[in-house]
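This document starts with one chain, in the form predicted on its own, laid out as structure tokens.
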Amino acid sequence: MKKLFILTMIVGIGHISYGQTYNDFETDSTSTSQPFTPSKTQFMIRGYGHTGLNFMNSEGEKESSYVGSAFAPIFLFKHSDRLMFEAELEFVLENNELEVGLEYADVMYVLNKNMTVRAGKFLLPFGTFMERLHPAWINRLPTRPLGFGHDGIAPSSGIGIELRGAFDLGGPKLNYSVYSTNGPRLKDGSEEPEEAGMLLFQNFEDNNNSKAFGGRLGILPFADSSTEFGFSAYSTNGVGETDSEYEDVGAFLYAIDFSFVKQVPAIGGFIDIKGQYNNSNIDDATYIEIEDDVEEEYTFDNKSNSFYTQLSYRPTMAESDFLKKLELVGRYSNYNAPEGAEWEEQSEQYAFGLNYWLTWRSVIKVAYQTTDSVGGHDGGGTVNGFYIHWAIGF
């Protein structure tokens, strides 16, 4: 951590020093050398952070804890008007340890006003939640909907190459993305028997010769861009290890998303509606389970789905400055894992929150959430949570 901080300071000071040296050279009237052409390179650090307090009640067992601060710096470098680089690190205090992750790191090149190509590790445009809405100061609630994150069925990032862009159709607009990545790995149960049949999307080095291909098409039918409909697909012919019995197990995932954001004078403020449906279909395969020291084969119809819809309202047209900064939010989500799998689960969740916006990028969230589950790693039950979180983007 200390080394990373020192490295960041060195880079920042070096950049400032170079700029100052260049300016001094330019203003030195005694210099006989030809002045340098002004550089178009730019370097910027952005990001976000959050912390909070959680109260949990699971089948009568209560616990409360301050959650460790999370820090996610985003590094942006503009080499020229066409060539750019972006990266995001994430530092999270979790399970009594400091976890460090690389959310994305990719290079982008602008081909023309309608097309940009990028390569590296990038957030996948599978729906909109993970690519656009998951940062703590953008997500209107302290938690993610069911089906996203650990053990989720929606891929969040991948390593590969992507072509994306947008077109103005003279009022309506269209945005698109097509990409290829290493694709996910299939958990065969050899290391974690209770997760046999799940997909592991963190596939940094491909475990086979099959690549995943995907894309998203978004349509904004109205000139004010208040409404967007999106369809995403993600497919691969192989998710198992090379030369294993799972090598040719394929997977097809798709998502449908919706967004409506608009200030409505009739209700005196902004209304924001979001929703996304995810579907995962993995080819059937045979797995091994051990009962009473006896190995038994089993299989199941490996299909999963999840869904969430969210509504928020902010009275931006109120006369009171205090009321203008308040936001009401509610969300419903559910998740269904395959029947017959060790990780079989049916869950539904309701979440309600009240937010207070200190500034346009700093928010205090107070929320209540209840989740009812049948199956899953914890055996199911009801979990109630009360959250007080603070998040800021910078």
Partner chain sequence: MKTIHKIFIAGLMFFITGGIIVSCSSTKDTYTAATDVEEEFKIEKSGAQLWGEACNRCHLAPSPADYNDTDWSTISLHMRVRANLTEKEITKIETFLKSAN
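Numbering follows the first chain given and starts at 1. Fair warning: this is a prediction, and the values are worked out from it, not measured in the lab.
There is another form of this protein, the form predicted in complex with its partner chain, and it is not shown here; the text below is about that form.
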Which of Asn114, Thr286, Ser190, Asn305 has a heavy atom within 4.5 Å of its partner chain in the predicted bound form? Asn114
Pick from Ala223, Met317, Leu323, Leu200: which residue has any heavy atom within 4.5 angstroms of its partner chain in the predicted bound form? Ala223
Does its partner chain come within 4.5 Å of any heavy atom of Phe55 in the predicted bound form? no
State yes or no: in the predicted bound form, is some non-hydrogen atom of Phe300 no more than 4.5 angstroms from a non-hydrogen atom of its partner chain? no
If we define contact as a non-hydrogen atom of the residue within 4.5 angstroms of the partner, is Gln346 a contact of its partner chain in the predicted bound form? no
If you check in the predicted bound form, is Thr242 within 4.5 Å of its partner chain, heavy atoms only? no
At 4.5 angstroms, heavy atoms only, are Glu131, Asp248 and Phe270 all close to its partner chain in the predicted bound form? yes
Can you tell me which of 229-237, 91-99, 182-190, 153-161 lies within 4.5 Å of its partner chain in the predicted bound form, counting heavy atoms only? 229-237
Pull the contact list for 168-186: residues with a heavy atom within 4.5 Å of its partner chain in the predicted bound form, in sequence order. Asp168, Gly170, Lys173, Asn175, Tyr176, Val178
